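A single chain, nothing else alongside it, follows as C-alpha cells in the form predicted on its own.
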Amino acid sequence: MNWPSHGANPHYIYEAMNLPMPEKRMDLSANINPLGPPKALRDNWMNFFTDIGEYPDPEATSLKKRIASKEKIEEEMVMVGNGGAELISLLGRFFAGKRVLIIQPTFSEYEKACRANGCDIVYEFLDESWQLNLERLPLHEVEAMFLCNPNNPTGICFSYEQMLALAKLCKERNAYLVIDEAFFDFWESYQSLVPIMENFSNVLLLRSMTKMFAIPSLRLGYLLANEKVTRKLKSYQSHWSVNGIAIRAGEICLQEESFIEQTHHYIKKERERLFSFLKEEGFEISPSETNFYLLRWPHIESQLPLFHYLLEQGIVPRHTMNFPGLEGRWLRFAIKREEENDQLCKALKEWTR
C-alpha cells in the first residue's frame, strides 16, 4: 500500500485504505494547536491585505531581527524558512554526501532530504522505553546527526542535560548536531539550548511556528545556527521563499506569550484527562509531555484493525507505517478540543467492548 507520508489531508488515507470518507470526520493526525490561531492574528488579518501587491523581503529582515532580539543572539544566526520542511531540505543539501545519523522513530523528512542529496544514513533505534542512550550512539562514524526534541511521534522530551552532553560528544567528533525543536513551545519545562551555541558552533536548532500558532498553511519556521552555516544555507534558498503575510504573522506570533501559557494550561489538563481514561481502558500510551502521543491496543500486534475501525467512525489518527521502528505497532493522536477528545474516548471505549 502507498501510505501517505504525513498527517493531515485525510482524503489521502481514505483513498489508500479504499474506504469511503465520511461527511463528518475529525482529523487527529496533525499536531496543530487545538485552540487555533491567536486572536491577534484574526484581528490583524485584513491589515495583511496591503502586502499582497508587494514582493516580500527576501531576507525576512524584520522577522529575523525580532527572533534574534527574543533569543539574545546575532541576527546573522537566524534563518527564516518556508516551514521547517524547507529548512530540512536545505540541510540535506548542506550535508550532501556525508554520513548522517538519524535517531528513530522520527519525522520522515530528515531521511528524505538526506537521501535526495546522496547521504549515507545510519540509524539508532529507540526501544519502547523511548530513552536516549548516549553511550550507544555511533558518533565516531558520522559527520552530522538529526534528533527531534520533543520527539515526533512519541511526544517524549529529552532533558537539557542530555542535549548538552550530546552537543559535547558531537563537538569532540567534529559532527553537526541538528535538534528539531518544532514542538518546543508545547513543552512546559523546556530549557533553551540557545545559550550554549556560543561555545558549540556545531549545534543547529530548527523550529516551527506553524504548530503552536496553528498556521500550517502559511508555512513558517526558522533555524538558529552559526553564521557560517546560515550563510551557506541561504545561498541554496530560493528568492522570496517566505511570503509577506507569513512574515507579518510571525512578527505578531512572537509576542503571544499569554497565548502560549493558555495553550500549556489547556494541553496539560486535557492530556492528563485523556491519559487517565486511556490507561483505565487498557490502552498503552507513550508518556508524552507535548500535544500528541502514541497509543496502542496491547492485544494486537499491528494496530491496523483499530486504525480501520476509527476511520470508519470518522476519526483520523496518524498511522505509523512509515516510522522506522514502529511500522504500524502504534497509532499517533493529537490532543484536540475537549468535545473531540470525548468523541475519541467514546469510540475507543466501544472498541474495547
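The first residue of the shown sequence is 1; numbering continues from there. Note that the structure is predicted; figures quoted are calculated from it, not measured.
Below: the form predicted in complex with a small molecule, not depicted.
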> Should the three residues Gly84, Phe107 and Asp180 be counted as contacting the small molecule in the predicted bound form, with contact defined as a heavy atom within 4.5 Å for each?
Replying inline: yes
> Which of these stretches, 196 to 204, 242 to 250, 218 to 226, 261 to 269, has heavy atoms within 4.5 Å of the small molecule in the predicted bound form?
Replying inline: 218 to 226
>> Is Ile102 part of the interface with the small molecule in the predicted bound form - any heavy atom within 4.5 Å?
In response: no
>> Please tell me whether any heavy atom belonging to Thr154 falls inside 4.5 Å of a heavy atom of the small molecule, as the geometry stands in the predicted bound form.
In response: no
> Wondering, does Leu274 line up within 4.5 Å of the small molecule in the predicted bound form on heavy atoms?
Replying inline: no
>> Quick check on Ile88: any heavy atom within 4.5 Å of the small molecule in the predicted bound form?
In response: yes
> Looking at Cys148, Met79, Met145, Ala113, which is the one with a non-hydrogen atom within 4.5 Å of the small molecule in the predicted bound form?
Replying inline: Cys148
